[in-house]
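There is one chain below, alone, in structure tokens, taken in the form predicted on its own.
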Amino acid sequence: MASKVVYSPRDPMLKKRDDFVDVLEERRRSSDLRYALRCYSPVLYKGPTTSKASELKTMVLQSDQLHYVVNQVSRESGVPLDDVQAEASVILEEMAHRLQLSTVRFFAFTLSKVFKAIFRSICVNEEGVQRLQQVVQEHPVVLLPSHRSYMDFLLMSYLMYTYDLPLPAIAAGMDFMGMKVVGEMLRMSGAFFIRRSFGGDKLYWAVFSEYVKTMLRNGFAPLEFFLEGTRSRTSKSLTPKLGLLNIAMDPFLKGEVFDVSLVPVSISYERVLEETLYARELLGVPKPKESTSGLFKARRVLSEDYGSIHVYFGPPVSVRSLAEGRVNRSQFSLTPRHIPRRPSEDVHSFVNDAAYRLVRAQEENMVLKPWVLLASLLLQNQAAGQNRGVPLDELIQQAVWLRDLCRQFGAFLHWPDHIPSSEVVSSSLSLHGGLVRVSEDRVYLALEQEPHCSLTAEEELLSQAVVVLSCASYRNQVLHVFLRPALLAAAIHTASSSQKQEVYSSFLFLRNMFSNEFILCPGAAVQDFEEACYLLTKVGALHINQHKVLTAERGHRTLAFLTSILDPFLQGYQMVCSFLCEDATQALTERRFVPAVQAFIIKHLLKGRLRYPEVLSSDLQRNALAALLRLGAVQKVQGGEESGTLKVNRIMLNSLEDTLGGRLSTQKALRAHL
């Protein structure tokens, strides 16, 4: 049995959550081969998992829903029924997993070797595992892990095998299927492959949805997918995608199962394997195609130290409980179950709210490491001082102050209090030596090039941006803790007075502007404002009465930090507004938008007009464009010769740019938008 990781009783926040055990400790003491070949007999809610993949495919192809859609497609397309049925069979063959225990055992052995080589520990909350062990025997289970690394789904299956839990059927992108040998091994470990986009293909959608629902209804395996749809290259949570969650809830809504249990899982990496790869992708360097040869070339990671991983299995969320008082299930009795139908407005709203709640649960159970605090401080110091460095003693003091603020805000922080703070900081700096350097007791971001490097000014800027964006991805891990207080701090800065209503208007404006950037639950603006007020009052940063929001004497440092943490996003959105006003032409399309705006920002950075290289992030730029489209400041032309081009409202964009820069009150901005 793995031993418990001991946390100091002085850390009040961790006491509210489960304890962790390091699953690698036992692996280091005993035989990996014996572990891989051990007895594995998981139990699902319909008994032991003895069902074969071939049985699942037969049930899908014989289902009433698929027969209905096959007939419909045949009538609409004029293609013979047998040909459409054959096409459905081909789609299913391409998609379906072929779970084989021998392949699972091979992965168990191999991953044990790899994990021990690159990670110091893999810590799991066993109370969460025990809750999962109970619930998989009672209802269909859907596992919803956070997605920050390629490692996520391998890690999940490894832990399910370790704890004798049924291996999940994992929704994976088709790009993995293209990896020779490895793609088939993933299929034999439970992965099923789906196209990235198939919204208009009625037959593909029918095969896919029936495959997933048959698994859930009949207890073949827990379902696992990523609510965010894709990996987050910025370590911020992404806006949830609803397609698979809709399908997973359907058996309950139609009364085919008593309940479905949704289990949010938070996976926190001390150091992410793909940190520089993600940064380059955000700067426009194409993502390398997944390939087996690429996997072997990546073997050098085995000599690196990637610190620890924390995996937190959250409490299962009952769909039945979520739906109580929200969804009238009698609407599903009006048509036969096998006839596909679009979700009604109330069902769509219910699924959307549930998705946001589940992503928030993932965020709240992320375990933050000391480096995320250090990265936050170093980025702010670098922006303020052009990388003059921070004295190490000063950085330690700032980190301790920020650690205490995090704890007061309720963060799930792993900072070992039984170790001196200087050692905690030094250890983190050493682990992330590729991003920082320590020289003469000063700490710098590693922005300087090798002396022999001959780079143009633009190449040097992009090289520095890789380091900044890599650090920002760690800083982003703590944003959910500070987001609401930071929005309030920025609102106080931009509001024209300290009147509570004026501050709330500014808060509402910023929250609405950034609702594509961060996880901000729809319809929860008042709760978010009250939470921010409570937290900043609790730490003594604000005095709030019925009519006014006033800064306390000792609150300036806290508010300055919170305002600074939002500054890169404010400046990034300003630059997008400026670009669209100044440089956008009638021919600008959404496809050409990111390269064009990045070239515009590079010019401004080289001229010293911008402080934050991270505004080069394509993720930030796309989120800004999505916000402007949602607000109506930009429109996509539909139809005609200019179809797909972006049409801008310069008056609205100018007022938004000024408001984001604090040069125009939100009240005046709102009037300008009308």
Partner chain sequence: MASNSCGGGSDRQMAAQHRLSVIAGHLQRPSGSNTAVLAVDCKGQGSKPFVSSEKRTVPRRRQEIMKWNGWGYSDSKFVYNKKGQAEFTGKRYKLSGMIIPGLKDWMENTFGATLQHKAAATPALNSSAVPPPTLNEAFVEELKSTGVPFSADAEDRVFRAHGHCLHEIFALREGKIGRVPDMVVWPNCHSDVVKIVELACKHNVCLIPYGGGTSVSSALECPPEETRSIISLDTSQMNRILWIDEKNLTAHIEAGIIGQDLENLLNESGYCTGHEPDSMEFSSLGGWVATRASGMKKNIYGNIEDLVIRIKMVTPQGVIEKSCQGPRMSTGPDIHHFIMGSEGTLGVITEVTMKIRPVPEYQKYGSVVFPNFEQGVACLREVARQRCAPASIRLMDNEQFKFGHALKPQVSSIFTSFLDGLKKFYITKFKGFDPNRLCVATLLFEGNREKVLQHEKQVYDIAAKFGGLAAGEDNGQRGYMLTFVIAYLRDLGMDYFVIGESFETSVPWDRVLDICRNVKARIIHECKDKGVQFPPLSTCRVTQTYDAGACVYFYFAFNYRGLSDPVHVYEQVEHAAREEILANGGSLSHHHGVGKLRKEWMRETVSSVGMGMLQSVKDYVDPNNIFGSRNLL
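Numbering follows the first chain given and starts at 1. Being a predicted model, the structure only gives us computed values, none of them experimental.
Same protein, other form: the form predicted in complex with its partner chain, not shown, and the subject of what follows.
Checked against its partner chain in the predicted bound form, the residues 75, 329, 556, 388 give one hit for a heavy atom within 4.5 Å, which is 329. Though its partner chain is absent from this view, in the predicted bound form it lies within 4.5 Å of a heavy atom of just one residue from 98, 337, 231, 105, which is 337. Within 4.5 Å of some heavy atom of its partner chain in the predicted bound form lies at least one heavy atom of residue 320. Among heavy atoms of residue 333, some come within 4.5 Å of its partner chain in the predicted bound form.
In the predicted bound form, residue 255 approaches its partner chain with a heavy atom inside 4.5 Å.
In the predicted bound form, its partner chain sits within 4.5 Å of a heavy atom of residue 324. Note that among 149-157, 257-265, 587-595, 77-85, the stretch whose heavy atoms approach its partner chain to within 4.5 Å in the predicted bound form is 257-265.
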